[in-house]
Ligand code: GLC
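Below, in structure tokens: the form predicted on its own, a single chain.
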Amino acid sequence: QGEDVLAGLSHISVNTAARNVNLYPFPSKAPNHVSEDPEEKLDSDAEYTQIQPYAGMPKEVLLLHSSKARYRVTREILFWLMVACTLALVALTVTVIALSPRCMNWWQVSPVYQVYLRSFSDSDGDGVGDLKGIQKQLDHFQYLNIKSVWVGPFYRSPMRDSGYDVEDFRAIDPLFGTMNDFEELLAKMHSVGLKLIMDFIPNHTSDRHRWFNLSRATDPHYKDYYVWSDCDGSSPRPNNWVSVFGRSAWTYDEVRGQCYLHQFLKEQPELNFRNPHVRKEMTDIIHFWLAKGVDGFRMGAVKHLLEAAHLRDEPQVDPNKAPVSWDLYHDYTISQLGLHDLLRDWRAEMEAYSREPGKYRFMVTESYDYEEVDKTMMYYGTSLVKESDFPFNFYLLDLPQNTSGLWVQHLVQLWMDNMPKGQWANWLVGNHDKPRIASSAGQTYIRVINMLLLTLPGTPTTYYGEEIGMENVNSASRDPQRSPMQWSGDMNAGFNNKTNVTWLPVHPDYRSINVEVQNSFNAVQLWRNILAPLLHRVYPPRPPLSLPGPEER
């Protein structure tokens, strides 16, 4: 009760003060009349018509003035102005995001360096490069400011086609090391910020693969894993199809009593991708390597993945000549309907592994389409369905045909004018199947061609040794551009410093053209100087690395 009494007295005192106090220090501006009636309402307009707002005014006085037009309109103007500014800021943010280029991924900010495994670095002295040899040379990639490394096939293989005839997709060939060696290499590469891209060879297997042996034995599950057709050893082949090497694409198998298709060597039977079991097998293999942490795949020979089921003869360019590969219109053996659906399915499987930040899985396709550039562009996919990040651009391989600037411009525009809007370009001037650029164009052009490769918009891909101007070796085989990497002027060019054995001869010029001397054109420094500014904007700077000496190689 005491508290209630005090509250009442306080209320009376405040109201009394509000009625009697002189609210204005200047008498000329004081109100003419202050009501003494305690029952009269404070919110009467007549009572406060001359009172101006003042600091410490009661709530009733504040509400009285705030409802007047000059204050109400001002509030509303400020409120809607804030709303408009907020909406404009949101619209501006959305516009900037929509119009700004996407952040570049790891495969866009660095060249891809192709390692031909047999020839890169030999760690055990058997004359053949291996996985441990790559690990020993990781400093070289960092010295060049390279972040992405593509390693050629290292699957278990009888090596009839340099490892492209796969006997087991889940095993490492002992020639190159063990699975532990691979896992150590991958972990080491990731620890120093490098990405590993590996070859995926889906079109065919080795004739020693378990699937083929079961298929030729007509095992119910594996019977249709390959493309078989009725024929016998003495009768004509099922049709006039020829392999890329110019001979018949059919070979008679005595065990099964039928012919099997091979678009490459007869030791490389063609898988039947119209069989859903085959598709699942290859998808499972993709999962196997992605689960190990591989950063991407180069999908090889993809245009050969499907063949026409009707097996009709392909039309000849000149019917009066015997059919060879280059005298047939390959209407039924390459780029068949369903090919891109298959590749998009694999891309979708890879996307599931790309969701973690910094773990994007890269996919590039290989398809030599020559003048049919529109076919190559289809490997980008569509605006709705993604396929490869880019198909390899092989058109700069024609640079040695003409060294004029107009020819270079033509080759560059051929790609840029046909590339779908919003896609990413790529460039290469050499690989394991084509002559080295120093041999085909000449040493004079090495520096300018490397500069062109590194400064064109898109991702450049370089073949090992191109950064120092390596040349072909004299060889009657298909391997003149695959000679051992020239690391130094020491024995075997530093490729194998344990024994005097190399699987191919080292080029005689290795004492003057090697990584240590960085050749007379200083091409290695060119790579470092061009790439360093870009990479320092994308990756945190690392301590400078000194080029390893011969005792460290």
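Bear in mind that the values here come from a model prediction, so they are computed numbers and not experimental data. Just count from 1 along the sequence shown to find any residue number.
What comes next is about the form predicted in complex with alpha-D-glucopyranose (GLC), which is not displayed.
Fill in: Shown form pocket vs alpha-D-glucopyranose (GLC) in the model of the complex, superposition, backbone/C-beta distance 2.4 Å
The site is open here, because alpha-D-glucopyranose (GLC), transferred from its pose in the model of the complex, meets no backbone or C-beta atom within 2.4 Å.
Item to complete: Identify, from the list K266, H330, R279, H432, the residue with a heavy atom within 4.5 Å of alpha-D-glucopyranose (GLC) in the model of the complex.
Response: So the residue touching alpha-D-glucopyranose (GLC) in the model of the complex, by this definition, is H432.
Item to complete: Scan H140, H209, H262, R482 and let me know which has any heavy atom within 4.5 Å of alpha-D-glucopyranose (GLC) in the model of the complex.
Response: The option sitting close enough to the partner is R482.
Item to complete: Just one of 158 to 166, 254 to 262, 399 to 407, 132 to 140 has residues with a heavy atom within 4.5 Å of alpha-D-glucopyranose (GLC) in the model of the complex, so point it out.
Response: Among the listed stretches, the partner-contacting one is 158 to 166.
Worksheet item: How about Y71: is it within 4.5 Å of alpha-D-glucopyranose (GLC) in the model of the complex, going by heavy atoms?
Response: Taking the distances in the model of the complex, the answer for Y71 is no, it never comes within 4.5 Å of alpha-D-glucopyranose (GLC).
Discussion item. If we define contact as a non-hydrogen atom of the residue within 4.5 angstroms of the partner, is E307 a contact of alpha-D-glucopyranose (GLC) in the model of the complex?
Written reply: Judged by the heavy-atom cut-off of 4.5 Å, E307 is well away from alpha-D-glucopyranose (GLC) in the model of the complex.
Worksheet item: Is the gap between D181 and alpha-D-glucopyranose (GLC) in the model of the complex 4.5 Å or less for some heavy atom pair?
Response: Looking in the model of the complex, residue contacts with alpha-D-glucopyranose (GLC) do not include D181, since no heavy atom lies within 4.5 Å.
Fill in: Proximity of D369 to alpha-D-glucopyranose (GLC) in the model of the complex, heavy atoms at 4.5 Å
So D369 does not count as contacting alpha-D-glucopyranose (GLC).
Practice prompt. Scan 285 to 299 and note down the residues that get a heavy atom within 4.5 Å of alpha-D-glucopyranose (GLC) in the model of the complex; none is a fine answer too.
Written response: If the 4.5 Å heavy-atom criterion is applied to alpha-D-glucopyranose (GLC) in the model of the complex, 285 to 299 yields only R298.
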